[in-house]
Every structure is written in C-alpha cells, then in structure tokens.
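Here we start with a single chain on its own, the form predicted on its own, put down as structure tokens.
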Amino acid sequence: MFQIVEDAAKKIRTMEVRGAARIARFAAETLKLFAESINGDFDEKMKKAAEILLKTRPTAVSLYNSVNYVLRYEGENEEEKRKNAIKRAEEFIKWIETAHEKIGEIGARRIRRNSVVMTHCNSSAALAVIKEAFKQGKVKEVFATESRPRMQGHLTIKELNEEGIPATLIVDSAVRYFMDDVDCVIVGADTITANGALINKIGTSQIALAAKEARVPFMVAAETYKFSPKTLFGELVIIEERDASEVAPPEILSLKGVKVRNPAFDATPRDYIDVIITEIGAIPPEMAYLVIKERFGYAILEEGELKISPKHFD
C-alpha cells in the first residue's frame, strides 16, 4: 500500500520532481491517491505517509505546508475523513494553479519597459512574472544562471526559448560581471521566514549582494504556501546538504584530508530584498510575519510539533 508514497518520495529525493511548487503539488497528488487506496487505520496510515514525504526535502517549506494542509482533514468515520482529505488535496492543488497566474500579473507591474532581467535556478513563480512581462512588451532579454551543480538553469533557458524570450545562459560566477547590464533580478523561493529572509537555491544570496552593490532591484516571486509558520517560533530552516558526488569527481573525493560540501540552499537577509511578489500582492519582506498569520491562522504547538489550523486557505 505504501508503495505509492515510497515511489513518490524517491522521485522527490532524487530530484526527478524538483522545484518547490512542483514538489508541493506532487505531494498533495500523492496523498490524494494514497487516501483513496486506504482500507482501515486511516489516521495512522496517513500520518506514516506524511512522515515519509516530509523526510525527503527538509528545506522546502512548500512540501511541509502541502502535507500539513492535507492532514488537517476532518470526519467522524473513515469515509468522511477520506473524502475530506481528498477535498483538501484538491484545494491545495488549485491554490498552486491559480497562484502563478496572479503572481505573474502582479509581478509584471513591477517591470519597466525594455528591461533586462536576471534570474537564478528554475522557478515557476519567477518565470510567471517574466513571461507575463514579456507578453506586455516589457522584457528585452533575460540572463539565466546555470545554477550548478544540478544545472536547473538549463531548464529555465529552454522554457524561455519556447516562449520566444531572448535569453542568455551564464555561469554562476559571472553574475557580477553582467549585473551592470541588468535592470532587475527576479528569483523564486523555497522558503520565506517570519522575519522576511529568503531561503533559496545556493548562490541566491551572492546574487542579492551583487544586486545591492550595483543598485539593481532584487525581487522575489513566492507563493504564500512558501512562507514558513515554523519560523514564527524561532525555528531555523534546515539547509539541506546533498551528496558530494554531485560536485566532485571520484579522484577528488578519494583524496585523503579533502572535504567536499554541497549545500543546496542559502539564506538571503531581508535587507537585500526589495519586494516579495505573492498571489495576494507585492509586499516588503518585513510583512512576512503578517502574511503567515493571515494565511495560516493561529499556529499552535501540539505534542512538540507545529500544527496549522485550516483557516484562510479558501
């Protein structure tokens, strides 16, 4: 029975399914399918499925919020719980689908005509802004980083090319070299903390620093389900470190006394962020706390774990 969940977890863990929004949607779809297959011990099995999924990518708060939202199902018996869990999974999926369109519309208003835009990694939210701005005749060219070591930038370049958007692929270390030619930077988010900091693909903080130094606006496109309720209590976001084989060949890894580290994300302080574009509007990073409170309702500690009420998800 748990094979559905185990297979899904493997796809997330190995990055066959990647990107915060895609992971969140995939998790909701997986829990929906799993709920439909359960026969007996519904609560226990749903909890175990959630634990399996949550262990795959500890940094992605979208995964946490997706799983936790579905698990706030209600019902007097197993059939009522099943129907409510399926309903909540479908609600979360719809939330994802509509968020990008709204973010694109809101974000495009922040782009000036004939702009050269820089982006990092492969963010569906950031690309929604770029695509909509291009349709409005505002984007002249896009610089996209390779985003080593997984080369998500290659996916971004292909997507931009399919839309007919002029794009240039650059190595990550060339960001400052090209920053003087850029009018604004737009990146996505894996997590937005309660104090307005951004957790995103490794290299993001360096781009933000370069943009700050060059006086180039640095914008974040983030769905509100990427805001982290857990950070309201001062909990630090876990920065995932991936296998060293992603960044170094065997002859380097075999050297005695040599360490190879491969963090997947970094933290960008809110002072480097000009605006966060969400589906409910463009906000300063200082408003992250209010967004979490409004969108997630009151958070309570229950048996040592953060539980979120289903308030404000409609």
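Being a predicted model, the structure only gives us computed values, none of them experimental. Note that residue numbering begins at 1 and tracks the sequence as displayed.
One more form of this protein should be noted, the form predicted together with a small molecule, which is absent from this view; the next part is about it.
**Student:** Heavy atoms within 4.5 Å of the small molecule in the predicted complex: which stretch among 229-237, 177-185, 79-87, 120-128?
**Tutor:** So the stretch in question is 120-128.
**Student:** Of A211, V139, A189, L160, which one comes within 4.5 Å of the small molecule in the predicted complex, counting heavy atoms only?
**Tutor:** The residue in contact is A189.
**Student:** Is there any non-hydrogen atom of N200 lying within 4.5 Å of the small molecule in the predicted complex?
**Tutor:** N200: yes, in contact with the small molecule in the predicted complex.
**Student:** Taking any heavy atom pair closer than or equal to 4.5 Å as contact, tell me whether S205 reaches the small molecule in the predicted complex.
**Tutor:** No, S205 is distant from the partner.
**Student:** Any chance R22 has a heavy atom within 4.5 Å of the small molecule in the predicted complex?
**Tutor:** Within the cut-off, so yes.
**Student:** Please check if T193 has a heavy atom lying within 4.5 Å of any heavy atom of the small molecule in the predicted complex.
**Tutor:** Flag for T193 set to no.
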